[in-house]
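For reference, the chain that follows is the form predicted on its own, supplied as structure tokens.
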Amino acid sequence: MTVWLNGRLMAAAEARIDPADRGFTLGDGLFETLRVAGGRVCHGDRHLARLSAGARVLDLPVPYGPDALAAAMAALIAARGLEDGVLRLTLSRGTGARGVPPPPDPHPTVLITAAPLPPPGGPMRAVIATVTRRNEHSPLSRLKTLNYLDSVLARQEAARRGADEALLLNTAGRLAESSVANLFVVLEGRTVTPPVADGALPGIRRALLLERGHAEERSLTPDDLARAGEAFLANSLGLRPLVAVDGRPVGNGAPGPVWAALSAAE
């Protein structure tokens, strides 16, 4: 298997990341998950713009510009012969001395890996996580950082409770998102999604749906799920219908027409 690490393609078995890398020791970094379709990255410019914006928040240098990263992804896709798949671009601050303060002269690590596209998933059943909440007051709620432990905890709880996914509330008890996707709910014929101010990650597909007029932002509570006509989850890999939450059906408990229409238009 071939990967791209710090400027060159290499076999995964040859790739080495320093044990003192802050991405490993502190989760000090960012990542992007990108869909590949027909041998090309989908919405690569948007993903790289989000990575750059997140890096500015963290004061984390990005050692390669957008054109160089786009070329790196294209080279990896060609090396892997990938037609439809998934790329993960990981940026860490690189090595540093023990402790929290960043090094004064960081040398970031950039890793790009590729994988086949997972098979299409079916309807999802979720629970509302009780073990953790999304902190909408933290700037990190707007970034795809390497620390995904809130999502890990939520997904573990979902598995224990016999569900596929977990929805996270924010500190005010409003719905924010799922462990790996943005939430969309159809209420009285309008498709709505929680605002970024409520702790929703500014997802790429979420932005596209908003820009195209397919959805609007609005704060949501768990009670809204009980009266929703349908719901679905969206991330860079696609849309999946949400048919039950905490054992209660959403709408009629089956994939709805809004999800079907938006999926067909992908």
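Small disclaimer: the values here were computed from a predicted structure and weren't measured. Start at 1 and count along the sequence shown; that's the residue number.
As for the form predicted in complex with another copy of the chain, it is not shown, yet the points below apply to it.
The listed set 137, 107, 161, 190 contains one residue whose heavy atoms approach another copy of the chain in the predicted complex to within 4.5 Å, identified as 137. Contact with another copy of the chain in the predicted complex holds for all three of 19, 29 and 152, each having a heavy atom within 4.5 Å. For the chain shown alone, residue 9 is not a contact residue for another copy of the chain in the predicted complex, no non-hydrogen atom being within 4.5 angstroms. Although the partner is absent here, residue 254 is not a contact residue: none of its heavy atoms lies within 4.5 angstroms of another copy of the chain in the predicted complex. Among residues of the shown chain, residue 95 is not one whose heavy atoms approach another copy of the chain to within 4.5 Å in the predicted complex. Not displayed here, another copy of the chain is approached by residue 33 to within 4.5 Å at the level of heavy atoms in the predicted complex. Screening 121-129, 74-82, 142-150, 191-199 for residues having heavy atoms within 4.5 Å of another copy of the chain in the predicted complex returns a single hit, 142-150. Along 77-95, a non-hydrogen atom within 4.5 Å of another copy of the chain in the predicted complex is carried by 86, 88, 90, 92, 93, in order along the sequence.
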